[in-house]
Every structure is written in C-alpha cells, then in structure tokens.
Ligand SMILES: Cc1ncc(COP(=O)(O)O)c(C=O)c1O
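What follows is one chain in structure tokens, specifically the form predicted on its own.
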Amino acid sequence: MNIERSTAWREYLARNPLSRAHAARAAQRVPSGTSRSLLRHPPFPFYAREAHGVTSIDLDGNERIDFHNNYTTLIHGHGHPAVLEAITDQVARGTTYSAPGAQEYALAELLCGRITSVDQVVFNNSGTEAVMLALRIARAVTGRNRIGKFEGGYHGASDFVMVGGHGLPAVDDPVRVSQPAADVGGLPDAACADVVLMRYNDPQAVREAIAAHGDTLAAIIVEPILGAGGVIPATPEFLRVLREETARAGVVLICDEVITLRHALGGAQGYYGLDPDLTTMAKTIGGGFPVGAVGGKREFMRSLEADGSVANLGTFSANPVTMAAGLAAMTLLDEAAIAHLDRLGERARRGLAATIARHDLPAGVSGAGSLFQLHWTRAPLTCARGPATADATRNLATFLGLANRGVQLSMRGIGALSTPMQDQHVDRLVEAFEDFVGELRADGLV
C-alpha cells in the first residue's frame, strides 16, 4: 500500500497544519526546512515550540512523550531543575571567556574518576570533533594512516568515518571484511580507500582485518553498543578479541562512548570490561549543550600537551556554560539513576517484544540498558546487516502513527529513556504501539 493513503499519514497531516505551513516557509531559506538532515522526514517534520520534563509540544500544540531525547542526549529530560540552576548561575558569570575557564576542571575530574581508562581529558564541541581529534592522535602516535571501523557504526559527520553505513553485504554473506561505500555525497576518494570495514560482533573479522592491514592501521574505533547500526550490544568475546588483537598489532583502540556513556558510571566500556586507549564522549556530558571530549591514557594524551604535535582547537571548546551544565547532569547520573533507567529500558523492550510476539509481526527489538530500537525485519539483530533489511515504509508509518498517539521515537525507531520517566510513560509507549498495530493491519501495511 502507498503510505500516503495510510491512516497514519492522513492523521499526521490533519494534526499538524501549522508545522506544515512552517515547513513550507522555512524551506525558502533553509534547505528542506531544517538544518539537521536526520530530523527530516515525509511529509514534513513537526516543529518543536517548547519542551518540559519528559514531553515536548509542537507548533500545533501536540504534546508527545519524548523517547527521542535529541538522539540520547537529554538523559534528564527537558529543563531539569538542577541543570537549569547550574546554567543560570553560570550565565550570570559569563558565557565564554578570552582565557581558560576554571569550570572545565570539575567535569574533567568527574570523568577521569569514573572511567578507568581515562587519565586525562580535553573538551570540544561535538561528538564529530571528538572522533576527529581521537583519530588525529592515533595517526600522530602510530605514524600510520588507515582506520578500522565496523559496518553500521556512526562516529559523527567527518569525512573519514562517513562510510560503511549503507550498501552492506547480505545477512548471510560470509564476507567479514567488506568494501566500504560512502554514506553521503561529497566525500574524497580517500574516505573509502583509507577505511577497513569489518562486520560487528565478529571476532574473526577483527583477526582477518588486522592480519591483512594491521601494519597500516592507526586505529580501530568501536561502539560497545552499536548505535545507528541497530542499538546492538557487543558480545564479550568480540570486545576481548578486539582488545587483544589491537594491542598485539600496535593499533590504537578508540571506544566511542558518545551514546553509551549513559550505560554505567564507567560507561559501557566499564560495564563490558573493555580497556581502550582513547575514549570519545559527547551528548550526556554537556547537559543539553553542544559538547565533545576525548579522554585516554597519558601515553596517548601527552600528544595534546603544549609541546605535543596534536592541537585541540575550537572557539567554544570547554565553554563555561556547557561545563557547568555537564557537571550538573553527570552528577545527577549516579548509580541509582542508572538502575532506574535500566529497569525502564527492560520494561520497554519486554513490552514491545510482547506485542510483536502476540501479533506475529515481522519485527524485532534490540537494545540494552536505557536504549532500545524497534526493527521491521525478522533478520537476526547481531550486527548492522540485519537492521539494514528493515522495511522503510513500516518504519515511517510507525514513526507517524506513534507521533499521532503522543509518542516520539527517532525515525529509525530508536528510543532513549530519561530519568524523569516512570512506568506509566513506558506503558504509554507500549500501549500506543499496540494500538497502532491494529491500524497498520487495517491499512494492509502488515
């Protein structure tokens, strides 16, 4: 069935006339009406007017429980009082300085105290910048050029990591080290030529890649829970072999914790027992403000010293407002908060999976801790190849259908919980999905 004839599409149009008009106006000045490509979707995005706690309100007054949380960033929801207090206090003292701000030390001390592998840390303005810097450190330290990454891994928007997210081999293809393709236009040829692409959660893929390319690899970057590739947790064996093989070959191991730092006090690396050389961070450590960070062992971080060969730049890096907000947010993220999030995450995954099983839907649920993703495929969810087979029409219909019922996920079906959420919010998600399934059947989309 054409999705434009679906109930979800028609109701979305009816509920969002002001957003529709705004999209048309905005498109005259901003390509497709919004600067952020990942927030564009047919027929048009709903535009936020304000947000409080666990909900956001759009231009048409539609209120939705926010399980998107700005791609996992807002771990304490919108406008947490402690974060607002920290921001307000700091704004009165200045938003940015012409000298180093004293505020960054407290956040650095907190992160180094929590993450075993991090002796020192520097801050910048996004996860993209953090990954760029970590790769630069790895190249400077090793004198090598190429990097290794895993199929479906998203590590920001810089050229040399924007490959390997699309055009993946089939689920049953035995190839372990595949040929990367560009995810976006405008990349240099070297973006593909200088990347070694491996299947996620496959220890043998790591062994093969390092055996073939180890002497040219500066670094391998990995997410301990594959984010954009399907919210898929790594297996202990995979991470163990990855650490052993990189250490043996002198390849810098970078753990991308931009999304997963929320998983435990010491990040997902602490939870899974991974000991990387460098760690990239962002999202939760900024308290809702732009932020990035690279931390690691002193032997690698010394390249960032004043007499080192690598520079961490950025006019707003470590700006005092972000540092204050980030410290407040990370202080709130204690063991009790994480346990609360984990319990809610399990409740969400279990509830969605029960609906899928009850209706025998061609779908599955992945995730761990406070993260989950709904997939419209029966393929195994152990690496990015399975999620890549998900039905795009059902994905869009589900996004619209849940939005019509007061629930927001990401377009891909990713959900991230926030600490103000309670059982009733998760139950509302599951009930909305259950109700939507009936509509989906009536429209012939399942």
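A residue's number is simply how far along the shown sequence it sits, counting from 1. Here the structure is a predicted model, which is why all the values come from computation and not from measurement.
Omitted from view is the form predicted together with the named molecule, to which the following refers.
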Counting any non-hydrogen atom inside 4.5 Å, which residue from V294, I259, I254, A324 sits next to the named molecule in the predicted bound form? I259
Answer key: of H263, H375, R199, K283, within 4.5 Å of the named molecule in the predicted bound form (heavy atoms) is K283
Heavy atoms within 4.5 Å of the named molecule in the predicted bound form: which of the stretches 81 to 89, 339 to 347, 122 to 130, 367 to 375 has them? 122 to 130
Given that the partner is absent here, does F160 sit within 4.5 Å of the named molecule in the predicted bound form, heavy atoms only? no
Please run the contact check for E223 against the named molecule in the predicted bound form: heavy atoms, 4.5 angstroms, yes or no? yes
Does at least one non-hydrogen atom of Y154 fall within 4.5 angstroms of the named molecule in the predicted bound form? yes
